[in-house]
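We begin with a single chain expressed as structure tokens, specifically the form predicted alone.
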């Protein structure tokens, strides 16, 4: 994931031009440097950055534990156990994807779809991770022969877990990351192409929204100081999306198959996400 810079240091300065006999301009030129305009100060987000890193660490702890459970089910040939664990485990990854995506090849190794691999000119034999095992479970209806893929997924999850401990969380990563999470929903999630075999897209959908909302909540106090109306709008727009998702929740805390949604359902979700996207992108004002 490439992040556009949202943070710049504005250096205030200018050339004072003094006309002949212009005493007022002369006085300005005579002012000491301490009285001239000072550079704008950077907003102190140290507490917020620390809070987001803590959130990401907690998500990665859970992701690793749930991935290990999933892998054990796959290697034991327990189809039902593996299917039941698949989507909930992935939610921990999806919530913290702005950080997870920042580690080179790890994200595609863990989360890459076959279409992504083929777009890069690679063959199916180079495909690894959750979605390859998704194909095994829901299309091939077997786990036999996928033990090495499962082992590699767990090894990659452990590597990601270790790297997240050392990541430097920046304002760019947080703010752009929130918008990118929403963009993922409005592209691959809303079309059903993310979980093309299992149709568990609403789990990913919910996790991406939760990840973006967590960033918003962490920045809430600073945002209120800049634009209280924006905070009110974001609260309303997040609630609208959450309320729509709740309509498709199951009694056990999961979500129905994406195939169960009507065209009107997906249009309503897409509209709610799009209406959230514009005010969410305004969170960059916190750095002004």
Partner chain sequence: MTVSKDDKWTEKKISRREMLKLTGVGMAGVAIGASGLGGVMKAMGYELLEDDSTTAQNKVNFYGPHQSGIVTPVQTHIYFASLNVLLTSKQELQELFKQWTPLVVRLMNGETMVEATTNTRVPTGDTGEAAGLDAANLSITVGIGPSLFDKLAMQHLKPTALQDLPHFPKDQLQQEWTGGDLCIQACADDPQVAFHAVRNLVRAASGKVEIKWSQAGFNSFPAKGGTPRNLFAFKDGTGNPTDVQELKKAVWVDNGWLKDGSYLVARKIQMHLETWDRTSLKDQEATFGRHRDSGAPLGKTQEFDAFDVEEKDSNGEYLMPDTSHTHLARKSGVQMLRRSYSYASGVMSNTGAHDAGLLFISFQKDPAQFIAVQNSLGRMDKLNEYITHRGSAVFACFPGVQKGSYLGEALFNAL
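Residue numbers count along the first chain shown, from 1. Computed from a predicted structure; not experimentally measured.
Here the subject shifts to the form predicted in complex with its partner chain, a form of this protein not shown in this document.
- Checked against its partner chain in the predicted bound form, the candidates 68, 235, 227, 242 yield a single residue with a heavy atom inside 4.5 Å, and that residue is 227.
- Put simply, residue 275 is close to its partner chain in the predicted bound form: some heavy atom of it is within 4.5 Å.
- Among residues of the shown chain, residue 210 is not one whose heavy atoms approach its partner chain to within 4.5 Å in the predicted bound form.
- Residue contact check for residue 159: none of its heavy atoms lie within 4.5 Å of its partner chain in the predicted bound form.
- In the predicted bound form, none of the heavy atoms of residue 147 sits within 4.5 Å of a heavy atom of its partner chain.
- Although its partner chain is not shown here, in the predicted bound form the stretch 177-204 places no heavy atom of any residue within 4.5 Å of it.
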